[in-house]
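Next up is one chain by itself, shown in structure tokens, the form predicted alone.
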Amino acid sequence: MSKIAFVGLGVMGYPIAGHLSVAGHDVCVFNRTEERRVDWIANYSGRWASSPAEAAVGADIILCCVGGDDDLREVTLGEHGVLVTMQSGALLIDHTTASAVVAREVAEKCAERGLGFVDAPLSGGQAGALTGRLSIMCGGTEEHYLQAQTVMNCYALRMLRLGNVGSGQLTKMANQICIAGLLQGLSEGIAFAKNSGLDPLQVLEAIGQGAAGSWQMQHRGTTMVADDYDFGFAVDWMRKDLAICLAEARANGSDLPVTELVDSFYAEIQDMGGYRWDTSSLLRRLPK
């Protein structure tokens, strides 16, 4: 069993840290909101720290799951970041959805201190985190990836090393690009079915096992028909992710016209007040 520090107890980090505790690892957690870490301790065996640096003292493996690039820099490279106290030979695993640029930046600082680093963004949402059935896209050396596997097995259904540092984040960008297009297509299909006088639930049943079927149709189709969006992956988070995708596309010469269009549609959803609505709320902007 490993001595583990976990930084960031959000909707993903909280249950992931819980799986590590249940598996028997020695877990110390940090979260900016003290109430969240106190609540975690009430539900799982472990300790909490008052800073990322304190959490990382003596840890073999440190995991982060925070909001974005700036948050990651703060909890890793900042005055009270984990790199201040990480011991030589320790491994930092980052589950944040962030840019490949910041992944390489943190990895470089880790290498200077004799530390390992794996960028490992997640797919599977809160449900996957709760059930321990996440998909994890990894970038880093083979040695560090194999080391990371020893703990990620506690909450992953599948994981794959895609290449060197940054590859995990680039793969997550491809994931978000695909999701954006799928959700817009699903929204248009449901709206078309309704406007044609069809029962949209019957339509989803009829086409769900064919070529049009997808995870989004299976898990979001019925809630979209019910006009229910007060759950799931927030529009604000998706816009943050798509901004990362579009910036990377400009850097590598990719053309993402559909992604740009869907991002503008999400801006309309935000204008409607849907900042925290699930990403499937794209249907809200279509005529009924």
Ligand SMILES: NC(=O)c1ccc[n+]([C@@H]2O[C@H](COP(=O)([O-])OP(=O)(O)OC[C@H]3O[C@@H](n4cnc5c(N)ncnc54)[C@H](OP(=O)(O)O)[C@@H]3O)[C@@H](O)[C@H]2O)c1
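Residue numbers here begin at 1 and follow the sequence given. Remember, it's a predicted structure, so these values are computed and weren't measured experimentally.
Only in words, not in the display: the form predicted together with the named molecule, which the text now covers.
Peer 1: Among L9, E74 and W237, does every residue place a heavy atom within 4.5 Å of the named molecule in the model of the complex?
Peer 2: Every residue of the candidate spot has a heavy atom within 4.5 Å of the named molecule in the model of the complex.
Peer 1: Among Q149, S167, Q126, T85, which has any heavy atom within 4.5 Å of the named molecule in the model of the complex?
Peer 2: Going through each option in turn, the one that passes is Q126.
Peer 1: Out of A53, V262, A59, V66, which one falls within 4.5 Å of the named molecule in the model of the complex, going by heavy atoms?
Peer 2: After the contact test, the surviving option is V66.
Peer 1: Is the gap between H95 and the named molecule in the model of the complex 4.5 Å or less for some heavy atom pair?
Peer 2: Residue-level check for H95: yes, a contact with the named molecule.
Peer 1: Is it the case that G274, even though its partner is missing from this view, gets within 4.5 Å of the named molecule in the model of the complex, heavy atoms only?
Peer 2: Answer no; every heavy atom of G274 is more than 4.5 Å from the named molecule in the model of the complex.
Peer 1: Should F233 be classed as touching the named molecule in the model of the complex when contacts are defined as heavy atoms within 4.5 Å?
Peer 2: Yes, F233 is a contact residue.
Peer 1: Even though the partner isn't displayed, in the model of the complex is G18 close enough to the named molecule, meaning a heavy atom within 4.5 Å?
Peer 2: No, no contact at 4.5 Å.
Peer 1: Have a look at 42 to 50, 238 to 246, 251 to 259, 222 to 230 and name the one stretch with heavy atoms inside 4.5 Å of the named molecule in the model of the complex.
Peer 2: Heavy atoms within 4.5 Å of the named molecule in the model of the complex occur in 238 to 246.
Peer 1: What residues of 23 to 62, in sequence order, lie within 4.5 Å of the named molecule in the model of the complex by heavy atom?
Peer 2: Residues within 4.5 Å: F30, N31, R32, T33, R36.
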